[in-house]
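Take a look at this single chain, the form predicted on its own, given in structure tokens.
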């Protein structure tokens, strides 16, 4: 932003207005406000401060309004809306919340990404809410001179955690879009198998192909803005080519090109989600939340003998520290279970391709699959685990007795039920990523006060 803009920034204590919740902000009003108050160069600087590449918000002919619209959706999806609002207020002190808040005559509420909720601790106080409140309190405490030096020492850890949270969320969103893409692929594949005997299959393909293309567009759009965009260039380009091949094949009723497109798409779907998952788990394990907990504990310890020891701010920060420990425990549990189900799912995919030709592959793979699954189920008491135990036992017996028809039927039931549990773990992990983003938002706000 320009020097004149920066010099008009109010002191920190003057910009402590209560942040409106994302659902209270009008998407339309916020977009128009930014367009009215900022020129293209200033929007580019906003993007830079937010870690967003301005040129990735659209093509060379994309106008500033469309770029700002994409920017708003990008930061909102990553739970960084309050950070954007803070930056806008710092750059334009005259901006009021009334200018961007939703009202009765303007139903254009900014959409929020709401992840499925998972069970919280028995005290009914979500760990992540406490952590977010604790770090927000830390922002206020930071302004005390005696605390500033101690907090600055931990800035790098905070920044690294926030970056990893962003990466985790992008990886999980991409994995979920791949799941949706796979569902569309199966519809296309079922239509393809009806050819050449059933010409009506082309009519069905004409309906399903645009939906498949839309899912590919969604995935490619995410990848362009994702933290891992550079790493995904190769498979993203392959996916774009498959999209073009599929469209041409259906438009020209070309079975050979359709076969080639579906094979390529299956190869991408069969490889990339598991690789995204592996990177997600690696990132989660490297998050080092205990480092953040230690940082906050160290900071608060210096005040235990001071007049701040019993203050509400210090109490909130201590609660935030404990909450981080709770988040870390949930994260470790989910990543461990996720690793195990991913290994099982990979093996099941491999076996299924050979199932129609006999039980040889299944019989061999079951030596590993059966104990792997049982180790996951032994500690579980929920209904899903009991149901899966029943199918597991029946399938083991069918394999031992070499009853091919029964084994095939039970294998598919086993894969369906284990897949449901894998998806549930995925949903819980996505929910945790969403929760971690809320903590990350507070960390971003904290870091802005350190600069």
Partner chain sequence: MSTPDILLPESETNPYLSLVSVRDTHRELLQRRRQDDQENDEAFYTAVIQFMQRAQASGIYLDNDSDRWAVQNLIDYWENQLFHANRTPPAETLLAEFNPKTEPKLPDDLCPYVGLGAFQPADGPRFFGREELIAHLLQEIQNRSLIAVLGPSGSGKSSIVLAGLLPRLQQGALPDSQNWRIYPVLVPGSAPLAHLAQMLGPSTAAHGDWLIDNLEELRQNPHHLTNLVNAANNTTAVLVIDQFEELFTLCQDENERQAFLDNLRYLAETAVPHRHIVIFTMRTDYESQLSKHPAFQAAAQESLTRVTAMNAGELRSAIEKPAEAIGLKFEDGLVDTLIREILGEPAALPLLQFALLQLWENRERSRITWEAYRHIGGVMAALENTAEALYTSMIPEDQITTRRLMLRLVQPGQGLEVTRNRVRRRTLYQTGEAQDRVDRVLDKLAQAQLVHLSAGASPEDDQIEVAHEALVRNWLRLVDWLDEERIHLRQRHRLTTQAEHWADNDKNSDLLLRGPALIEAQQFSDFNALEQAYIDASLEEKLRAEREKEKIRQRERRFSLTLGVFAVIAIVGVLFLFRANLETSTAQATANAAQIDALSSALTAQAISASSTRDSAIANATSTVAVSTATAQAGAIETSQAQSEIRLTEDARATSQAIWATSTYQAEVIATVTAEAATAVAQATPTRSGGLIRPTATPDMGQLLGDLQQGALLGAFFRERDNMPMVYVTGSTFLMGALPDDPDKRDNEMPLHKVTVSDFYLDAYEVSVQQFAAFLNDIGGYKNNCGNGRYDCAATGFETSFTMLLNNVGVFEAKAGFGSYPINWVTWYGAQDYCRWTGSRLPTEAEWEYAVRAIDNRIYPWGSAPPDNTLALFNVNPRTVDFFKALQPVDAFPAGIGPFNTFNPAGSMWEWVEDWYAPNYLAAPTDGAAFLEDVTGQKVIRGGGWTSAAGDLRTARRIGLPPAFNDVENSLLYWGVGFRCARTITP
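No experiment lies behind these values; they were computed from the predicted model shown. We call the rigid core whatever largest set of C-alpha positions still superposes within 1.5 Å between the two forms. Positions refer to the first chain, counted from 1.
A second form of this protein, the form predicted together with the partner chain, is not displayed here; the remarks below concern that form.
Taking a 4.5 Å heavy atom cutoff to the partner chain in the predicted bound form, the contact residue among 179, 274, 163, 297 is 274.
Taking 278, 206, 73, 88 one by one, only a single residue has any non-hydrogen atom within 4.5 Å of the partner chain in the predicted bound form, and it is 278. In the predicted bound form, residue 228 stays away from the partner chain, with no heavy atom inside 4.5 Å. In the predicted bound form, the partner chain sits within 4.5 Å of a heavy atom of residue 361. Contact annotation: residue 266 falls within 4.5 Å of the partner chain in the predicted bound form, judged by heavy atom distances.
Proximity of residue 367 to the partner chain in the predicted bound form falls within the 4.5 Å heavy atom cutoff.
Shown alone, this chain has one stretch from 249 to 257, 322 to 330, 350 to 358, 80 to 88 that lies within 4.5 Å of the partner chain in the predicted bound form by heavy atoms: 350 to 358. If you take 333 to 348 and check each residue for a heavy atom within 4.5 Å of the partner chain in the predicted bound form, you get 339, 346, 347, in sequence order. With a cut-off of 2 Å and the rigid core superposed, residue 256 has a Cα displacement that reaches or exceeds the cut-off between this form and the one not shown.
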